[in-house]
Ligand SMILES: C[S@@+](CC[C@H](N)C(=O)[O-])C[C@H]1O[C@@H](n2cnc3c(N)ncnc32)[C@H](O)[C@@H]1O
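In the block that follows, a single chain appears as structure tokens, in the form predicted alone.
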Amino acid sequence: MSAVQFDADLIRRYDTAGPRYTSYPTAVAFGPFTEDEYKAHAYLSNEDPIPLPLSLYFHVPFCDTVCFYCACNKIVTKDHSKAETYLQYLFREIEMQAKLYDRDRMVEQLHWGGGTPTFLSHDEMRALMDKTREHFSLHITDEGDYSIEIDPRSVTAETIGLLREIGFNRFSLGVQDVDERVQVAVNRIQPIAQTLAIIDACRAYGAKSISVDLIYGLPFQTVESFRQTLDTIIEMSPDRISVFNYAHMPNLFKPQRRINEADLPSPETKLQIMQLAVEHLTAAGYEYIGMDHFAKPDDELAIAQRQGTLHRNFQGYTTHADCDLVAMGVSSISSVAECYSQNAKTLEEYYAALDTGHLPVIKGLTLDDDDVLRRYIIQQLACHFTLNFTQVERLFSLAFAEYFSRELELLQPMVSDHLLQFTDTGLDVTPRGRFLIRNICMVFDVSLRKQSVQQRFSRVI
């Protein structure tokens, strides 16, 4: 079990801006990258003696209302015909991407994100999954890890039944907060009964996993109001709960300008809310997985962490460590054979590329040996709170103390603060260091020494 110890004074001292490490290098390091470079890596991925299975991600960017806290790539519209046009282009991309990969590579993981994937009509959802099955090898049983982000305001029990029928078995529900005053302030009115009805439907249709997303740091939140939110969600008993820090960056995200800064909780209140969340959720039997994520002990994430097989990618924590991630749709990011590639960020650019018969790749990077090494280290720390120097030396043919002499020096203050301890074979993150794992990972992130992080990343807490 991943015990976590909350030390408010330490957290205040270490609270700085930093990446969430859904990739390494992070997306801010991406530069010019061509369709041909991406294709070369895709072909290369087929040539492994035992090619990796595939993970597919589909981005559905539409929302019919705007949540003021949102920092996602989205298009707010009530015109549902836009989805019809978008799917026609997405189908073209599916056809083009599928040609790059051997058909015998099973799709072990599949995810629809957004925006709001449930913006699509029932017929459109069915059509998108049919098109995917036509061109990729999906499981016909429940073996795969096929998940979707759900806005409970946009679905019915019938929708959940359809999603189960077409292959989804994991459902992630956006809730954020159940307090009505908070919901009004962020323009997301979502009665508790509505959320509960969808969770009940997920259970009735045999979902393998249900997760709920919460956000702390929103307008009008107090320690007491968030306690009530946590109690309400704990009673609903989802398998996983995420408690994300609201990063107020109105200069980067236009909808956030609609939030009155004077209504936001103080940094001290935010800290107290997060302490409450950690203590309340662990007391209720949830295990702290890391970076804002909690799971029941019998959930696959918790089991994978105990077994040393947990992984982290652009969708967060996952049990599927060894997959090439093929991402489709506007702004989506693929990770294939030691390269990252990102699609065009606007519909106009996305459509224009596909109209000319090209994949809409606009930027990315090819990982060099040092990137692969540091990615491995950051993965080990973020997922397992431990690092075996001997294993790193064996896997990468290097002398750890020599290669990472600067990093070992930078870790010393963290040792003094009891965030981590050195062992005979490496280092272990302590229970009080687990909440600051992003800071520990940042020590091994060489790119942070070359750029200003304050405006590019959210704060650690």
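On a predicted model such as this, the values are computed, not experimentally measured, just so you know. Residue positions are given as counts along the sequence shown, with the first one as 1.
From this point on, the text means the form predicted in complex with the named molecule, which you will not see here.
Student: Pick from D145, E149, E93, E287: which has a non-hydrogen atom within 4.5 Å of the named molecule in the predicted bound form?
Tutor: Here the answer is residue option E149.
Student: Among Q221, Q256, Q109, S335, which has at least one heavy atom within 4.5 Å of the named molecule in the predicted bound form?
Tutor: Spelling it out, the residue with a heavy atom inside the cut-off is Q256.
Student: Going by heavy atoms within 4.5 Å, which of 46-54, 65-73, 411-419, 397-405 lines up against the named molecule in the predicted bound form?
Tutor: Only one stretch passes the 4.5 Å heavy-atom test: 65-73.
Student: Is there any non-hydrogen atom of N245 lying within 4.5 Å of the named molecule in the predicted bound form?
Tutor: Result yes; N245 sits at the interface with the named molecule in the predicted bound form.
Student: Determine whether any heavy atom of R164 comes within 4.5 Å of a heavy atom of the named molecule in the predicted bound form, and answer yes or no.
Tutor: Answer no; every heavy atom of R164 is more than 4.5 Å from the named molecule in the predicted bound form.
Student: Evaluate P360 for contact with the named molecule in the predicted bound form, applying a 4.5 angstroms cut-off between non-hydrogen atoms, and reply yes or no.
Tutor: Judged by the heavy-atom cut-off of 4.5 Å, P360 is well away from the named molecule in the predicted bound form.
Student: Do Q176 and the named molecule come within 4.5 Å of each other in the predicted bound form, heavy atoms counted?
Tutor: Close contact exists here: in the predicted bound form, Q176 approaches the named molecule to within 4.5 Å, heavy atoms only.
Student: Would you mind checking 96-115 for residues with a heavy atom within 4.5 Å of the named molecule in the predicted bound form?
Tutor: Read in sequence order, the residues that approach the named molecule (within 4.5 Å, in the predicted bound form) are G114, G115.
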